[in-house]
Each structure stands twice: as structure tokens, then as C-alpha cells.
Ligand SMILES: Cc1cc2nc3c(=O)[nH]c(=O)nc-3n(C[C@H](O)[C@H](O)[C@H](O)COP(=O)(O)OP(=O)(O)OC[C@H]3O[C@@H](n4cnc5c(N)ncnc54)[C@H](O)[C@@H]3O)c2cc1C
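Shown below, as C-alpha cells, is a lone chain in the form predicted on its own; questions about how it binds or moves come after it.
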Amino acid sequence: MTAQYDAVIIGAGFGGMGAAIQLQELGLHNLLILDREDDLGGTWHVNHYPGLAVDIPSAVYSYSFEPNPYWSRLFAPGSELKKYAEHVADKYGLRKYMRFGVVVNGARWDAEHDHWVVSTADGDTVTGTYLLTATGFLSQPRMPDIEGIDTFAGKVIHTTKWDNDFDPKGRRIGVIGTGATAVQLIPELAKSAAELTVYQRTAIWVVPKMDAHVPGFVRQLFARVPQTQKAARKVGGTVLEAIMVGGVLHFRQFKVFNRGAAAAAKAHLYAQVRDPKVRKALTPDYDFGCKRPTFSNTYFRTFNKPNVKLESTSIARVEPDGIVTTDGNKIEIDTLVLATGFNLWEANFPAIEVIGREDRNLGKFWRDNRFQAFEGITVPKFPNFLSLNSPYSYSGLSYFDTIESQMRHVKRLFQEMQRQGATTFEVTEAANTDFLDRMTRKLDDSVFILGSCETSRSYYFNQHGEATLLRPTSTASAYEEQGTFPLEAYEIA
């Protein structure tokens, strides 16, 4: 029995589209891309809350081989990222592979026929020689486990399911969460809400956002002389690399970068918030980089508004008409906004059940042992499987660095299979172990090990207490390794 498709890709966001572009380049055109949403774009289709924007410079947040010279701002609004995704799908002919509204339950390796059997919630199955999961790290919304939350009688909105008809004007709103999403959303709600109470469990590091409108002549220059935009991308990438890779992952060697970023964030907070008690509550008590920092010029200033209150006392329970904190104080609200982030390492990671050789369950294997994947993309006992969102896969601060480095890995691996006339691959246990050991050693230099991260409640850390999301190498090194890894790392047949 031959597979119906050369490859089945789960996810029609930028990761899935990048994988499809690479497979097309390799001569595989019988592809199927499945997505549970009703259109492409991944997080940039799902999220459309007020204030949504990319939280790193737009020039960096795009495919290097498909630059967009027309970003309206240095930090583009979410709607432009959605349009960019549509442009990429159209230019590279990807829409014909996409099937929307399909919830994938799981996939199982069929050893008899050497292909993957993918099952969907509607009872259908499809088969593919190769399986690629591109479901994104931030794809499973976290619902807060708070007593009484189901009894709230007012309006409840999770930021991933934003109600575009909702008008905050005159509302008494409670926002739970102060992560990157909340930093963008809260200033927008504060503009018209009668009362806005922000429930903060963990303060977030916020640095100034060097944002501005991109003039028309600059956009024309980028379009006519692409090298100018490449230079802007290089500058932005270098700055991010110094802060995130240098100051966070190489904390031992470049502690000065970390301390400098923290000082800039504290100065930013001091300059924008008048009340010293509020400033203190908004100051993180963990080292910069333990939790993903973000950029904003408006978040801190919002807490100067008379209609905005910061509540840092823990929530005891939610009642039908309000929220009660552990000190007994109750604030009445009519709208509850959940900016509570995502599950990364729990039972729904990976986002679908994946069963490899010898009935190995990928999620159970990771949770029972250690989170691991060779070069952040393949796992022993999972033949012909590429996990584009795996432990140690995230390079630098732009997701596109991760995507493109993984595309290089796919290209090298598949070209070797084509050279040998082979159709199956599986990474060896030895190669996987060597890579895991090397990544673990490199993390010994990071802020996660040497810094103070105990109170950060960071999604970087899994339930084993290991910060296995980020690849502890430079972006340049990741690109190099993904294109030069030893082919002996794979058993190819």
C-alpha cells in the first residue's frame, strides 16, 4: 500500500508553509497541509485582539528569502502579518495543499507499509510517507485553574478567541495575566474602560519599543534596493542576538548584556510610572531573560490612569460578579479577560498524539524521560517524522530563524536520501544522545542555570525543571549546524 501523499504537514502557519516550500524545492509536490482553523496564518489568524503586533522588529520577523518591503511600522501590526502569510501562500502555490477545519487527533507509524497514518476528529484517515508537525509552541491556550471561574456571570473573553464586536467602553474589566499579549492589550482596553483591574501574578520585563511609522520613501527604497532591507534585518538581528543569545543563553560570558537590558527596563519603568508602590509591584524579582521579555512604550504608562488598578495579591476565587483576592478584597467586574498564555509542556505537547515504532508515544516519552530531539527536529523511533516545534529547536528571538534553519536540515537530509534512492530515515539513539548532552552542557552557561529564575513562572521551563525550549547556540551556529550535521546521524533506507 503506497501513501496517499508524499508528506502530511500539520499546521498552516509560517512553520508549515516554510516546510512545504522546502519540500517543493526538493521535488515533492504531492503534499497535504491540515489545519484546525478556518484559514492559514497560524497565530496571526487566531489572534486579533486590540493592539496585536509583532513583538520584535518586522524586518527580522519574515522569511529572509521572501522579504516584505511594505511593513507600515518597525513593529508591524498583526493584520499585516496575516496579509504577509497570505502573500507567501499565493506566491509559492501553497493553497492547493491546504485543508482547513480539520482537527487532527493523532498519527501512527505503519511499519508494514513505511508510512504515517493520520487520523482526524471526523473519523477520516490519510497517509503520508513523511509527517511534519508545525503546530507552533503557542498553540494550546491555557485556561486558569481558579476556584469559581465557571460561575462568573459576566462576559468572558480569552485573548485567542477575541470577540471583535466587544466594546470596552464603560465596562468594568478584570484582566488576568501580564505576559506579552497582555502588555499589548491592556493599554487598548484602558482607553475607554470605566474601570480596568489588572491581576498580576508575575511581573514582566519590558524594554522601550523603538517603534515608528516607516515612511513611504523607505518602503520604496526597500522594494527597489533589497540590500538596504537586508542591512536593516542584519542590524535588528544583531541587537536581538546580543540581548537574547548573548545576555541570556551565554549569561556566564556576557553578563554585562543581561545587566544592561535589565537596567534599561528599570529606567523605562521609573520614567513612566509615577507611584513608587506601583513601580515596585511592576519590577520583576527574577533575572532578565528567565521569562520572555517584551517591548512596549504604553504598558507602564497605563498604570498612571485613574481608571486602571494593578492588583498583585493572589486571586482566591472568582464570584458571579467579581474577583476576590487572598486578602479578602473583592472588586466587582462585568467582563473577565483571560490573557493567561499557553500550555507548552503538559499533556497536549505535542499538540497531537504521535505514535512511532514499538508503540512509542512521543508525548509520554518526553514527559517520562527528558524533552529531547536531535537538532531540535527528529526523534529516535519516529521514522520519517519531523517535529518543527521540539526541544532545543528555537534559535535566536525570531521564529523565522528557527524555521529557516530547520528548512536547511530538511534539505540536507532529503538530498542524501535522494542520492541513495532511499525513502525512510530515522535518527540514531547515539546521535540524539550526543546532541542532548551537548545542549545540556551549553545551558550551564545560561541565565536559566546561573541566574535567579525561581519566581519567574516561565514557560521556558518544563515540568522537569529544564529550560529546553531555546537552542543554546548562536543563530549563525544553528544555521551552520543544520546544514552540515553528520549524515551518519541517520539510518537511511
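Start at 1 with the first residue shown and count on from there. What you see is a predicted model, and the numbers here were worked out from it, not measured in a lab.
There is another form of the same protein, the form predicted together with the ligand; it is not shown, and what comes next is about it.
Item to complete: Flag residue 37 as yes or no: does it have a non-hydrogen atom within 4.5 angstroms of any non-hydrogen atom of the ligand in the predicted complex?
Response: Contact check for residue 37: yes, within 4.5 Å of the ligand in the predicted complex.
Practice prompt. Indicate whether residue 136 is a 4.5 Å heavy atom neighbour of the ligand in the predicted complex.
Written response: Yes - in the predicted complex, heavy atoms of residue 136 and the ligand come within 4.5 Å of each other.
Discussion item. Even though the partner isn't displayed, in the predicted complex is residue 399 close enough to the ligand, meaning a heavy atom within 4.5 Å?
Written reply: Because a heavy atom of residue 399 falls inside 4.5 Å of the ligand in the predicted complex, the answer is yes.
Worksheet item: Is residue 352 close enough to touch the ligand in the predicted complex, meaning at least one heavy atom pair within 4.5 Å?
Response: Yes, residue 352 lies within 4.5 Å of the ligand in the predicted complex.
Worksheet item: Since the chain is shown here on its own, which stretch among 23 to 31, 461 to 469, 48 to 56, 434 to 442 would lie within 4.5 Å of the ligand in the predicted complex, judged by heavy atoms?
Response: Result for this chain: 48 to 56.
Discussion item. Between the ligand and 130, 376 and 414, in the predicted complex, does every residue show a non-hydrogen atom at 4.5 Å or closer?
Written reply: Contact check failed for every one of 130, 376 and 414.
Worksheet entry | Sole residue of 103, 156, 331, 264 within 4.5 Å of the ligand in the predicted complex, by heavy atom | The residue in contact is 103.
Worksheet item: Which of the residues spanning 151 to 181 lie within 4.5 Å of the ligand in the predicted complex, based on heavy atoms?
Response: The stretch touches the partner through 181 alone.
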